[in-house]
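One chain is shown next in structure tokens, namely the form predicted alone.
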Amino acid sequence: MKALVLIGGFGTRLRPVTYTVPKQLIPLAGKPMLYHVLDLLPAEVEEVVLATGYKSEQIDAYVRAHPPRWPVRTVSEAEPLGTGGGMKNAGGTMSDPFFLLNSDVIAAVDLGEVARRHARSGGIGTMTLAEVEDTRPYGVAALGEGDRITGFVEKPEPEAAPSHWINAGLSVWRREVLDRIPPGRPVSFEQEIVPKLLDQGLFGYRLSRYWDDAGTPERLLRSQRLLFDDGRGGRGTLPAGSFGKGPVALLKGAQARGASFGGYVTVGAEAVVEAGAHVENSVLMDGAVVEREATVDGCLLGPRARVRAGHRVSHQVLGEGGEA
């Protein structure tokens, strides 16, 4: 099997960081968000195709410099094509069936089992489903016998939602779905294509562990906590010469001697947390600096962002080179 990973959108809810960095390269628990998604793929996957748009050259350069365990290639789009258009543009060499993954979901799931469930069902697709309280930002499935999806509504108001089970962004499809997508124009796969596939047998696979959409600052940090708690953040120990509690993921060249930490922190490459500073529940990207006696809590600090000495910064997003 092959996998098609959708890397679209502009990451608007994570601005100003995403003015200069695609959200898929923001590190969570020590590695980019994208790589946590790739980690879900079973070892037998033969190739991963990244359907890229915004800042595609950065993503291509990163995967070349830091190759994952699968052969990966990127296929960019000249203009935004939506989820379906991106699939059509990049999916020409897909296997039958193939995995389709969103690049900003953090989850615990055995995708090999999802593929086996798909094969047993005989349907056109199998979509993982997560149970959420607020369905408004998501596509929502109506479920029938055997978890066959009998209806699919994109971003309904709560009173119109057919269930609390939403599209979790990890699925398996027969290759023929790509033939259903019209070429040469933006297409929403969820709105235009999925409802027309229901009579071909579309099935749900209910996730029983954790799932989150890392598309906002709050959910991004919540996703990092989930990863650390699941042991997916490396050793999670404190940096040398620091004190407090972890887990803390430290990237190459980061320094934090004399600093203190609460839990759930990523300190990017060459980032510095000076003596007397305190950081918790945050992501510090490459080259960020937290000066002496400053406090950072619940923040996303972009590359080379700086928190000045003695300042307290809480629940903020600083873009590249920003100061607080």
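Since the structure is predicted, the reported quantities are computational estimates derived from the model, not experimental observations. Start at 1 and count along the sequence shown; that's the residue number.
Below, we refer to the form predicted in complex with ligand GTP, which is not included among the displayed structures.
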query	finding
Contact residue in the predicted bound form, from S223, T135, S242, S103 (heavy atom within 4.5 Å of ligand GTP)	S103
Contact assignment for ligand GTP in the predicted bound form, among G82, G91, P97, G233, heavy atom within 4.5 Å	G82
Contact check for G11, Q24 and E77 against ligand GTP in the predicted bound form, heavy atom at 4.5 Å	yes
Segment assignment from 142 to 150, 103 to 111, 197 to 205, 176 to 184: heavy atom within 4.5 Å of ligand GTP in the predicted bound form	103 to 111
4.5 Å heavy atom contact, M285 and ligand GTP in the predicted bound form	no
Contact label in the predicted bound form: I7 to ligand GTP, heavy atom within 4.5 Å	yes
Partner proximity in the predicted bound form: A51 to ligand GTP, non-hydrogen atom cutoff 4.5 Å	yes
